[in-house]
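Heads up, the chain below is alone and in the form predicted on its own; it's given as structure tokens.
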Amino acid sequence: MGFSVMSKKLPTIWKAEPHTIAKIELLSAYLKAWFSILGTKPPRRNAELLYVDGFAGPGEYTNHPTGSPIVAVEAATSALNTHEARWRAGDIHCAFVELDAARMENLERKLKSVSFHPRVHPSTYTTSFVNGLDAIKTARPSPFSRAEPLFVFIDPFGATGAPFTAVADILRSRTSEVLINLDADGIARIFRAGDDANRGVLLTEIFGGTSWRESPSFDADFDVQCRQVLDLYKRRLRSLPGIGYVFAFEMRGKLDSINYFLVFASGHPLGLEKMKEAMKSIDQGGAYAFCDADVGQSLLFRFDDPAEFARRLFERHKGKRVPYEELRDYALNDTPFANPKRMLKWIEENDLIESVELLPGKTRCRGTFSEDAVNAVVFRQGAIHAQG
């Protein structure tokens, strides 16, 4: 992918690549959880839920019947039907932004063919992502100003179109989350293009400032440079007030080729926990491998194999007493796993834990690390000798 406006090269409806279908399945799985949890346990009774698709597209593909807008209204309908007796939130609003008029016309036609719950309210905006956000904030200001649930899917063609200032504005609320398709490849190409290609203006828009001047180095290997771009973007997200949970999934095809990075950001650990569960759910067939996308390396992982990340957790914390909450946050932000339990089990099995402090009145069996029982873990000082 380059940094040109790729949408101009595609027809109104196009063929979805396997990674696109996987992305839609991931979004569907996450939204089912998001609507269900916040619908039954909203921050306040009757709080409305708002989902925004910033680059909605036509709603379908030539080889796949549903795009992201359709799976969103279907997930909302499923949550309302399933939890109707326990529903405590208000209505669900789904806002779809798409600049291309022909694609929007197709999407609107597609939405009319879908049956959805009467409390699900789709709306469309034929405009740019930024202008669409402004219009949505005018129409539905509460999720942007009153900490009502807001989830925004940002899936542009190429590197530009979603300025960091817009992302930061979305994440200003403590109950907002974003899932961003980050074109690190395209951004790295902008770095390499030189000032004649308007590099400074574009990169300042993408990163919301001039921090990009510090990284990446122009003589780095291109794959490394892509990961440096990703690392810089994640650091920018983590610099936002209240955003403590940021994770990037690198999605690879069967031939081990990078497709793209999906970057998730939230202020609540449950959001990232459920996003990882959604990612795990779409890997059942083994069609994709996912990795943690660290700078300078690509460590593929299996969701059922904690050993490598258990070693990392131990090396980071050896000789220390670490509260369970800190271990949970480390697991969420720096490993594929939703919690540290299986990594801690591996560490204990290899005799690398000095002691486990329990909460008052709690007990545990060896190898178990329930957040309801464990207060802190004291790690041994020393080296790992296990080969498991």
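All residue numbers refer to positions in the sequence shown, first residue = 1. Given the structure is predicted, the values throughout are model-derived calculations rather than measurements.
One more form of this protein exists, namely the form predicted in complex with a small molecule; it is left out here, but the text below deals with it.
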query: Partner-facing stretch of 317-325, 339-347, 28-36, 64-72, counted where any non-hydrogen atom is within 4.5 angstroms of the small molecule in the predicted complex; finding: 64-72
query: Heavy atom of each of W14, L99 and T127 within 4.5 Å of the small molecule in the predicted complex; finding: yes
query: is_contact(F249, the small molecule) in the predicted complex, heavy atom dist at most 4.5 Å; finding: no
query: The small molecule contact in the predicted complex: V377, any heavy atom under 4.5 Å; finding: no
query: Close approach of K274 to the small molecule in the predicted complex, 4.5 Å, heavy atom; finding: no
query: The small molecule contact in the predicted complex: F157, any heavy atom under 4.5 Å; finding: yes
query: Interface residue in the predicted complex among F153, Y245, W212, F261, criterion: non-hydrogen atom within 4.5 angstroms of the small molecule; finding: F153
